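Listed next as structure tokens is one chain, alone, in the form predicted alone.
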């Protein structure tokens, strides 16, 4: 698996898409810092960008990389290599490559702008942490969808549908359920539904770290009372970790049973 991981990273390191991904974050972070002139404002603006773009790009990269490397996978399957090691190696290689591109693209402008002296290092770190979690989560789901679907068009469609559901539809259903049950105590329901969406969970985590939960009104006060505590922070990290572990474990099981 380590050899496949190294090869995947080397292969992606030569891809122009990896450099475009890095260049995009370098450009957008540098522009926001230059025009806004404030590190905190730039972090808040970038939060809204990465919570949509990272899941989308990770999903598209993941499903395309899986289908484009199918011939290479079939070649490796003929060798005395565990099938799960093949898929896990490729998944980790892609996830790490995207995460490093994101980290460097965001980190370089902030370091040049004086992140250390701004007092916003922990807020920036929370942004990088959630972005990395989302990369690993949505890349794993994309690989899993690819394993379950031989048809490229169907697999690509399901991957985009999953992103659309998590980024847009889920929030609409969440809001609708809160409106329909507004006469009842729904604090626990709101907290529970948040855990089932990694994008919402990441958004709340960053907003609480930035201390702007007041913008969320009464709901923000509920989240502050729970997620703002040490226990809530631990549960948030564990929930994001489970969002990584479950699809990766499914990838391992399905990978061992995959027949070409």
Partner chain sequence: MIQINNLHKSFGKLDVLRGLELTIDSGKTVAILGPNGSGKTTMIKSILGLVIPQKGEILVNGNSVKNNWTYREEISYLPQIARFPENLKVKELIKMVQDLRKTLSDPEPLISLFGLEKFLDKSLRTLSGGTRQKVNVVLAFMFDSPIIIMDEPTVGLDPIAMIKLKKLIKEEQAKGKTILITTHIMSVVEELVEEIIYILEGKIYFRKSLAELNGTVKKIGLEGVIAEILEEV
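Positions refer to the first chain, counted from 1. Worth saying up front: this structure is predicted, and the values here are computed from it rather than measured.
The same protein has a further form, the form predicted in complex with its partner chain, not shown here; the description that follows concerns it.
76 is the sole member of 76, 96, 88, 147 with a non-hydrogen atom lying within 4.5 angstroms of its partner chain in the model of the complex.
In the model of the complex, its partner chain lies within 4.5 Å of some heavy atom of residue 72. None of the heavy atoms of residue 161 is located within 4.5 Å of its partner chain in the model of the complex. Among residues of the shown chain, residue 4 is one whose heavy atoms approach its partner chain to within 4.5 Å in the model of the complex. Contact check for residue 108: every heavy atom lies farther than 4.5 Å from its partner chain in the model of the complex. Shown alone, this chain has one stretch from 153-161, 168-176, 79-87, 129-137 that lies within 4.5 Å of its partner chain in the model of the complex by heavy atoms: 79-87.
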